[in-house]
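Take a look at this single chain, the form predicted alone, given in structure tokens.
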């Protein structure tokens, strides 16, 4: 029950959002560091790859994106831009916006996980 694909996907998503929070916080902390380049997490590419490769039967060999050890996201460093004279490319306003957006996604995932756990709890209590 706790090893269902929904819970596993929610766990991956929460881990991704936690990593995203750390990356954004690190970017904000280094907003004045010379030559620091902003980092970001890439969800969409990984999501598109995982959508394209779906297993239709449990007896099939799993795709690499379906395994538990493969992260569904990757960290990318933006080396193309520079917003400051010291070579730094962190835009604090943009990072704060990303932080608020990430928090909303995180809260939505937590609510979904709580709903799933409530369903399991109800089943364990015999539907009461």
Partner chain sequence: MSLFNSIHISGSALTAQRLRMDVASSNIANAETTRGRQVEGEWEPYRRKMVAFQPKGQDFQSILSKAKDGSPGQGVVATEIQDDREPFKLVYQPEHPDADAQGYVKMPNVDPLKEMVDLMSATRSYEANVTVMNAAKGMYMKALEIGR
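Numbering follows the first chain given and starts at 1. Only a predicted model underlies this, so the values are computations on that prediction, with no experimental measurement involved.
In what follows, reference is made to the form predicted together with its partner chain, a form of this protein that is not presented.
For the chain shown alone, residue 119 is not a contact residue for its partner chain in the predicted bound form, no non-hydrogen atom being within 4.5 angstroms. In the predicted bound form, its partner chain sits beyond 4.5 Å of every heavy atom of residue 84. Its partner chain is not drawn, but in the predicted bound form it has a heavy atom within 4.5 Å of residue 22. When its partner chain is considered in the predicted bound form, residue 36 lines it closely, a heavy atom lying within 4.5 Å. Though its partner chain is absent from this view, in the predicted bound form it lies within 4.5 Å of a heavy atom of just one residue from 97, 42, 78, 26, which is 26. Scanning 95-128 for heavy atoms within 4.5 Å of its partner chain in the predicted bound form gives 96, 99, 102, 103, 106, 107, 110, 113, 114, 117, 121 in sequence order.
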